[in-house]
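Shown below, as structure tokens, is a lone chain in the form predicted alone; questions about how it binds or moves come after it.
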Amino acid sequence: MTALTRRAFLAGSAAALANPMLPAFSAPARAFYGARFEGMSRFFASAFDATGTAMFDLPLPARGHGIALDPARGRVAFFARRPGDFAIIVDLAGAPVATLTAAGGRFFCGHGVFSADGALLFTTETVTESGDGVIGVYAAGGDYERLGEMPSGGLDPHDIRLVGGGQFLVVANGGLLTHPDAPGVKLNLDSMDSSLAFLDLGTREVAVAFRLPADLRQLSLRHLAIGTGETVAVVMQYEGPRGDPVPLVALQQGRNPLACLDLADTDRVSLRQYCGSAAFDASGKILGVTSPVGGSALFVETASGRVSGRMEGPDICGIAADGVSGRFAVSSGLGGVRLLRIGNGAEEPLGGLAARSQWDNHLASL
């Protein structure tokens, strides 16, 4: 395992540095980014505007998954679906910037995030043979040199975000042991250990990790969204018996432990034990949670825990804020993207590239 030294960390940083009153769908200038596919044989990294019109559409070697945005420097990273061996970085016009290849004995886990100053790119990765989770660190400039890695604090690191003014990475360690030689096979269901780990970028160590109670051990923490006051929303997937009445959404803030939302039975059941993605609206107060398995989405006011909106649709999973409080874009793996206004329930399908494409699990917006 290549250690990330403080000298390398700092050297890489230095080198890389050389409105609610509007009508429901009179959206401001907005761009959405996501991976799409055509018949499971052609794959693309794509961007479209608030009407659905293509902004760029670039071929990928295989299915994509997560997206990381660096608005300050105008870059977008698209990550391969786990277990992945590539990531591509482009500018906001779609011009290629760099391509990453997974380091020897590692595979990408689908997500990444840029540092606050844009100097570094952090990626969730797994050591192939041991299953240990690591965070790869790349100098976000030139050819995106890999500077090293740091432990993720658990197995199966998946989603990753930046908090604490850029001082901490928060990582959803899913707790599952997998291997590329057996895609989709979960090797440790009886001993899962999922966690939400905060990594201090000053010490490059786990500062604190939060876990659910032992009786919820088979909940895998998968995806994250950051709301107002740096509230961390965590959405989960359950690996136990289908009929178990387990929570699927939790919130964490400050040094407080994970607090599971007490959803009504009908809402909880609509998620079918599987949350695919999450996003806060522009206000940071309404959390959207999707379930492609349940064909549903819930919209929760996190301060009260009240579900203020619902949406149904086949294989809906990708979700992103559209820049106006209470509005989201939601995409489907069977095709199409819809804009939804929470409160009045107004929906509008987008046209263009957004309408005619099958979309992978995530959307991001800028």
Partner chain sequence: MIRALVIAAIALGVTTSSAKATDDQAFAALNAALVERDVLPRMDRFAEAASALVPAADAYCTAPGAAGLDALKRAYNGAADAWQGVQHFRFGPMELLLRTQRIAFWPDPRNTVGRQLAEVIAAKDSAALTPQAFAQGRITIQGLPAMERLLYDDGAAAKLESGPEAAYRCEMLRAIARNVAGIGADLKREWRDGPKAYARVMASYGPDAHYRTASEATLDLFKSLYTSVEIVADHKLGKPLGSSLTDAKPGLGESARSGRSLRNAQLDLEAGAALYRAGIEAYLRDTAKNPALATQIGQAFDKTIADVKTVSMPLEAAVRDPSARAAVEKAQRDASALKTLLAQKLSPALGIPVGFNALDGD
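Given the structure is predicted, the values throughout are model-derived calculations rather than measurements. Numbering follows the first chain given and starts at 1.
In what follows, reference is made to the form predicted in complex with its partner chain, a form of this protein that is not presented.
For the chain shown alone, residue 292 is a contact residue for its partner chain in the predicted bound form, at least one non-hydrogen atom being within 4.5 angstroms. The closest heavy atom approach of residue 255 to its partner chain in the predicted bound form falls outside 4.5 Å.
Contact annotation for residue 305: none of its heavy atoms lies within 4.5 Å of its partner chain in the predicted bound form. Among heavy atoms of residue 92, none comes within 4.5 Å of its partner chain in the predicted bound form.
Each of 39, 131 and 178 comes within 4.5 Å of its partner chain in the predicted bound form, counting any heavy atom. Note on the interface: of 69-77, 92-100, 232-240, 200-208, the segment with non-hydrogen atoms within 4.5 angstroms of its partner chain in the predicted bound form is 232-240. Using a 4.5 Å cut-off on any heavy atom, the residues of 168-192 that reach its partner chain in the predicted bound form are, in sequence order, 177, 178, 179, 180, 181, 182, 183, 185, 187, 189, 190.
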